[in-house]
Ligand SMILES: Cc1cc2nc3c(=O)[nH]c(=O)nc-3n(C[C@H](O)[C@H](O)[C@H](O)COP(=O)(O)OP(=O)(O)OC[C@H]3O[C@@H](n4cnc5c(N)ncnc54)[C@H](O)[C@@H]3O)c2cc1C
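Form predicted on its own, single chain, as structure tokens, below.
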């Protein structure tokens, strides 16, 4: 049985980053992934993810984002290619809505650069987008998008350069831990380590069954528009956008390649009972709200869908992440429940997991993400 310092279960967004940070610190590290690298079966695919600092979800995330930005730049330099495009982010919604109030709170508390945009200015500056007259519009110039699959590949490449080993297409059957270490049984054999890092995404409840975490997996649909004016292209200055409209939160990206403009709906989503049985078929009820958003807010695009994809959100009750030691085993750490807004944090989460696995503690401010917080306790 081969033995390592740390085994990482799941080599998606968070697991690939954890693998990289562990390996670069000199740990003998094994990553185990049930599918291929940068696969399309979980939550870390779909071409792009928004990266932003003025966090409407909670100001406590902003210090982690400062560090994440630094680590994305470091990874980009090591990989030798663009991973993070600072195309800017336009945010719109009611002045008293969740997005605008939250963005302003984070911006004030942390001194972030957020610009007010009038409706007349919006029409001239960003003609691809339209908002309702009563909406408030803000612009975050240092925000943009990450190339999600390439980010995973870059973390994996750098982890391998630092000596990590990865086993893909390998299923975890069982893991156990005691004071001496951990043992992982897989479809390809048994492996041991001093510590275990679990980054299971939508499979977290299965890998962390003993903890009874209140995690709900939701099916989310993405579509790409293929018929639009040049004003919708990133080269023409079209930014990433997030709009609170019609009682919900929609988001989208400029056309950055031949697939077109990606549009998604952040709220809602059908509960997934078994992530192995995710329904990837696009239904009429999936399309209708997205095309309604296009008609209302994207005047330079037509409702013609080309590519489409389905992914999963793993939700917590308060929609905040969980990053912690296992309740019963201090040599097991995990990250779960990223609730559809976690990918931008991947490098700092990976660094934190490496801290916890190797040192037992971290200097990063993650107390508000602990599994012991009241929102996660049985009622």
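Numbering follows the first chain given and starts at 1. Because the structure is a prediction, the values reported are computed rather than measured.
Beyond the structure shown, there is the form predicted together with the ligand, which is absent from this document and is the topic of what follows.
- This chain is displayed without the ligand, yet in the model of the complex the stretch 202-210 from 226-234, 296-304, 75-83, 202-210 comes within 4.5 Å of it by heavy atoms.
- Site residues 10, 15 and 49 are all in contact with the ligand in the model of the complex, judged by any heavy atom within 4.5 Å.
- In the model of the complex, the ligand stays beyond 4.5 Å of every heavy atom belonging to residue 147.
- The shortest heavy atom separation between residue 343 and the ligand in the model of the complex is within 4.5 Å.
- When the ligand is considered in the model of the complex, residue 251 lines it closely, a heavy atom lying within 4.5 Å.
- The ligand is not drawn, but in the model of the complex it has a heavy atom within 4.5 Å of residue 220.
- The listed set 311, 333, 54, 352 contains one residue whose heavy atoms approach the ligand in the model of the complex to within 4.5 Å, identified as 311.
- Between the ligand and the residues 165, 171, 101, 161, the one pair within 4.5 Å by heavy atoms in the model of the complex involves 171.
- Annotation for 27-44: interface residues with the ligand in the model of the complex are 32, 33, 34, 35, 39, 42, 43, 44 [heavy atom within 4.5 Å].
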